[in-house]
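First, one chain by itself in structure tokens, the form predicted on its own.
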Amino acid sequence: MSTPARRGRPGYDLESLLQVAVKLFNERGYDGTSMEDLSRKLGITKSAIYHHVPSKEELLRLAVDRALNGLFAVAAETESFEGRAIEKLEHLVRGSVLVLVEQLPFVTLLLRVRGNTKIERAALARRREFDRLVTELVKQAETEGDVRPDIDPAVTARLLYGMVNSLIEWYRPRRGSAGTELADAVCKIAFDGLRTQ
């Protein structure tokens, strides 16, 4: 058996192309990045890029889907998780932080889309679906008596994920550091609070 020949210029496959595109989208904004910018950054022609993807929009779709698919995989895992709703919610938050750490540039891009294109609107719709899942878990935890009832569950969910999503602004992975440490810190603050008592 022979290995199929790679398409495109040596050194650039779809994955490496996507990594560079996401980096540029995060630096310049999706709308502010042209295929010409991408070709210059890669040192290849635009036609070499089009050998891998039909459009800039496809690069955006692949990128935001990677982040969303990671989050929804954690949500699906959480649904089969045994335990109280608060334990499921903590599992979901912990898993979301790990997705963010593992896919930081992709999650960063997802959190910066504003709905200017069809793909961005679809991504925002999926984000709202994820938000509804989180809100439902908060409601269940409230019903079970594990979450304070004096705050709207949607507000609690937004505050909780506001903390998680803020990580894209300051978190920078260090060699040898594990995302689990960050996930532990987020969960301790979110579920145990700041107070020592």
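Predicted, not measured: the structure shown is a model, and the values here were computed from it. Note that residue numbering begins at 1 and tracks the sequence as displayed.
This next part talks about the form predicted in complex with a further copy of the same chain, which is not shown.
Colleague: Is a further copy of the same chain in the predicted bound form near all of E90, L159 and S166, within 4.5 Å of a heavy atom of each?
Modeller: Yes, the whole trio is in contact, each within 4.5 Å by some heavy atom.
Colleague: Considering non-hydrogen atoms and a 4.5 Å limit, does a further copy of the same chain approach L14 in the predicted bound form?
Modeller: Result no; L14 lies far from a further copy of the same chain in the predicted bound form.
Colleague: Can any non-hydrogen atom of K118 be found within 4.5 angstroms of a further copy of the same chain in the predicted bound form?
Modeller: Answer no; every heavy atom of K118 is more than 4.5 Å from a further copy of the same chain in the predicted bound form.
Colleague: May I ask you to check whether R126 falls inside a 4.5 Å heavy atom distance of a further copy of the same chain in the predicted bound form?
Modeller: So R126 does not count as contacting a further copy of the same chain.
Colleague: Wondering, does A85 line up within 4.5 Å of a further copy of the same chain in the predicted bound form on heavy atoms?
Modeller: Although a further copy of the same chain is absent here, A85 would stay clear of it in the predicted bound form, with no heavy atoms inside 4.5 Å.
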